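Before any questions on binding or motion, here is one chain by itself as structure tokens, the form predicted alone.
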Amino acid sequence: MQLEIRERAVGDVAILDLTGKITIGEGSVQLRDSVGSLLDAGRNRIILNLGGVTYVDSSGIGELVSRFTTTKNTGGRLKLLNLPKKIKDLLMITKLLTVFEIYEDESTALESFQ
């Protein structure tokens, strides 16, 4: 299953619901384009809901870090929501778990922007 991204907004926070795989090629490009479009529109408060993501390869991890950095450089914040155990473990092994703000439920993630 390729990556599907659904965008929704709660107030001034953009939430991208991701389903499928974030892998080299199409998956990482879709993620880059989706976050890039939000930033181009001046929307730099972003939550990536990874609850439906089944697999992330090294390119996908790289893209998450890249989108985090790009968002931060625009004065925005990018947070992760609903990390599946495999992805959380991968971020722990790569020592990237401490780089991201990670939330288990959407309301807490939204409140963190206040």
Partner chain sequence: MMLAENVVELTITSQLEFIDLVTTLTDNISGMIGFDEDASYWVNMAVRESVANAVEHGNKYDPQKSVDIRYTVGPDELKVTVRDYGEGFDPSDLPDPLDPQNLLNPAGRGILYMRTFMDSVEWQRHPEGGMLVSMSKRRTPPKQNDEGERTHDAVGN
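For clarity, every value in this text was computed on a predicted model and none was experimentally measured. Residue numbers count along the first chain shown, from 1.
What comes next is about the form predicted in complex with its partner chain, which is not displayed.
K.L.:
Has each of 50, 82 and 111 got a heavy atom lying within 4.5 angstroms of its partner chain in the model of the complex?
P.N.:
Looking in the model of the complex, the three residues 50, 82 and 111 all stay beyond 4.5 Å of its partner chain (heavy atoms).
K.L.:
Using the partner position in the model of the complex, report whether residue 90 sits within 4.5 Å of its partner chain, counting heavy atoms only.
P.N.:
Yes, residue 90 lies within 4.5 Å of its partner chain in the model of the complex.
K.L.:
Could you confirm whether residue 66 comes within 4.5 Å of its partner chain in the model of the complex, counting heavy atoms only?
P.N.:
Answer yes; at least one heavy atom of residue 66 falls within 4.5 Å of its partner chain in the model of the complex.
K.L.:
Counting only non-hydrogen atoms and a 4.5 angstroms cut-off, does residue 96 reach its partner chain in the model of the complex?
P.N.:
Output for residue 96 is yes: heavy atoms within 4.5 Å of its partner chain.
K.L.:
Quick check on residue 19: any heavy atom within 4.5 Å of its partner chain in the model of the complex?
P.N.:
No - in the model of the complex, heavy atoms of residue 19 and its partner chain never come within 4.5 Å of each other.
K.L.:
Give, in sequence order, every residue of 2-41 that has a heavy atom within 4.5 Å of its partner chain in the model of the complex, or say none if there are no such residues.
P.N.:
Residues within 4.5 Å: 2, 23, 24, 25.
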